[in-house]
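Here are two versions of the same chain, shown separately as structure tokens and labelled structure 1 and structure 2.
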Structure 1
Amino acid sequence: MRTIALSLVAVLVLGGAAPARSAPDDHAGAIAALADMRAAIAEIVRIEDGYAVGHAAYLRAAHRAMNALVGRRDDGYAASFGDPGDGVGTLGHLDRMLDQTGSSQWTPAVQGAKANVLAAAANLQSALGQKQMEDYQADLTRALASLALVAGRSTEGGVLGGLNGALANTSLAVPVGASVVSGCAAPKSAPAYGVVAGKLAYVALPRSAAATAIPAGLGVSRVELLGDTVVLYAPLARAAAASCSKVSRLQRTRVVARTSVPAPYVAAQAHAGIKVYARACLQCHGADLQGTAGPGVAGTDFLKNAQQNKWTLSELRTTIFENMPFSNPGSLTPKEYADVTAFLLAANCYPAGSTPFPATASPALKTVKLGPIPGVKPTNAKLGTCTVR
């Protein structure tokens, strides 16, 4: 439980200037939502780690966590226990962000965050009704697991998923009043946020200020020095670049020679996987598979990345079967998982063979390395993906 709380990363706060109050400030809303959530987590973790005795102390912790999550406006708010949050509550902030005209690149992430906060609130309410300490703790553990999803997951290249992921990878990163430029071109001035199609490509900082202005939680996949400007590329910068009309510097492809090409699935599986992907994955990984709330899962960038990380089919399988959909892991049937994995392999231009992708774990998967496949011509040359039928 403690690990979950610790892995919550600090938030990207850039630009320094106090955000203007006139327009609805979604950036500030997301940060406030996260602050309320951290307050809730702290209440839970403190009671779990402490030496409190007696039912009352535990109930108090659950009530206070609930208050921070749901806010004063909700019926679940119990004022007498005090509120470690700001009274609006994580939900209050998220609901305001979702009360929007149109929808943004970050809308799915905020909707997903809301779903997980609602689940955490449900767990807390259930905890409040428990008689046995064991059941109470089980509910709190579930609440923390949901809240970890609200935050997102920190990886080597920055945060992915959740509110932090949206703050690191979409226009939600941009505070009110900050300068926004096209993420497809190199920055001409700094500070500036490079954004394309609602996705954050980079944050440019003046070299002089960079050392002090780089916030702890900023997900940076790559740093580049351009004259007097430091360019910090977002974790999903490559996904952002895929939205540019011209092939940009972020998308240079390199073909790596390989000897034998594996054919690890059958065509019918890949076909069946189209629907599974559309239903369970598309919302975060995008129609073009280049990622929205999650990273890209097919094409040159994905394969190169996988190659760098020395991924085999086994890692791919574990990620998909055990961790996806990120918002609801393990919720598909083994057949659906196998189908959608086959679909991704096909979209990555792996040829179909005669052995189905297995629905259960198999040691053979460890022997197949992932990476760009020599000799195949992607249907979509720009992205390096293949159309699946």
Structure 2
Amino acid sequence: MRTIALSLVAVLVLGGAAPARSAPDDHAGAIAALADMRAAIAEIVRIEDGYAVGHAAYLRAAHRAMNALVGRRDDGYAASFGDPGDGVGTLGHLDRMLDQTGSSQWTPAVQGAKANVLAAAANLQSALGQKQMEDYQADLTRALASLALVAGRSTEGGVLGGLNGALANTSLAVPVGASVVSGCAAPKSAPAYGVVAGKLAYVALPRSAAATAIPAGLGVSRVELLGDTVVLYAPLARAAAASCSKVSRLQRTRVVARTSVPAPYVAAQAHAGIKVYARACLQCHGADLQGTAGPGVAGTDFLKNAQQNKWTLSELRTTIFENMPFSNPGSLTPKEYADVTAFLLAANCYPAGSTPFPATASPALKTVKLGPIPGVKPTNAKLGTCTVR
């Protein structure tokens, strides 16, 4: 490998000597959080509708509901009463989602869900201290009301939508490894998730499998048949469509002369690269890409360093594809390497184009010099980075 590529290893380490954390599967986390919440509700409803009598039976139900909500790591978890959930708890799943990712379209819904889980847990804690049955039942009723807000409605957005609204209308609907395409255009293949600015526009499914392959948590406002593809539009698909023109205007303002700036990737790749970065890179390079155990990989300092050292995109690609993650080089698939490279280009404010970043070596990349992008206004002016959604 050339000397310049070797020097890049010291500057760009997508991973580190320590093993990387597992990729945060936010979609699966939301589904699991809802499952634990339903387990808690089932305990409350069962004791209220059943024939169990005695103070001990009611306390057991409240403890089990609490266990399903808070998870075994919480001080409020009482192992002796058993757990109808998965042990992580609704609160545990929501905390993981909020701790391991940056802000997104679904963040307010998850933050609101967490607040309502805490309110329900407080109601259950109060119920455990009650001596009168009517007071106990009043606390459980308040807990159920809070849990209804955690679930929310698929036809609502933001905090009011809860987890169901986020799963139905944002990128939270996308499972790890699923194909993501621009929600501003009709799908060219299926299955695929049409996303724009973090909002879900549609899910495209093969006609032959549409009846059995509808994703968990998906809400549908309209169904359209395009050849052999069934397109299921999200409840708030119109809001997603309205973002298309905004995204287009933003892209135009970021670049003074688009023809002078290379754009060797497509937006869907950059979006897919978010989760690859979270799995293989975040531990050493941080959520803001400025570096922790490893160096920064995006922003003003990175681009200035690249310009001073006259790095080309080909050399950057070689370093990423052949030397990363540092502790396990070559462990990603060619698609994952291409996606995470696209994500880094987008985070460095390179605009998306119509040509995907290549999974194989391309001589054309040798002519692309890395450095600050003329006329770009970064999302984060302090760091010089652009938000990728």
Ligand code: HEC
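Take the two forms, find the largest set of C-alpha atoms that superpose within 1.5 Å, and that set is the rigid core. Residue 1 is the first residue of structure 1, and the numbers go on in sequence order from there. Bear in mind that the values here come from a model prediction, so they are computed numbers and not experimental data.
Assignment of forms: the chain in structure 1 is the form predicted in complex with the named molecule, the chain in structure 2 is not. Comparing the forms between structure 1 and structure 2 on their rigid core, the Cα displacement of A287 reaches 2 Å or more. Once both forms are fitted on their rigid core, the CA atom of R142 lies less than 2 Å apart between structure 1 and structure 2. Relative to the superposed rigid core, the position of the CA of V88 differs between structure 1 and structure 2 by less than 2 Å. The two forms, fitted on their core, place the C-alpha of N328 48.1 Å apart, compared between structure 1 and structure 2.
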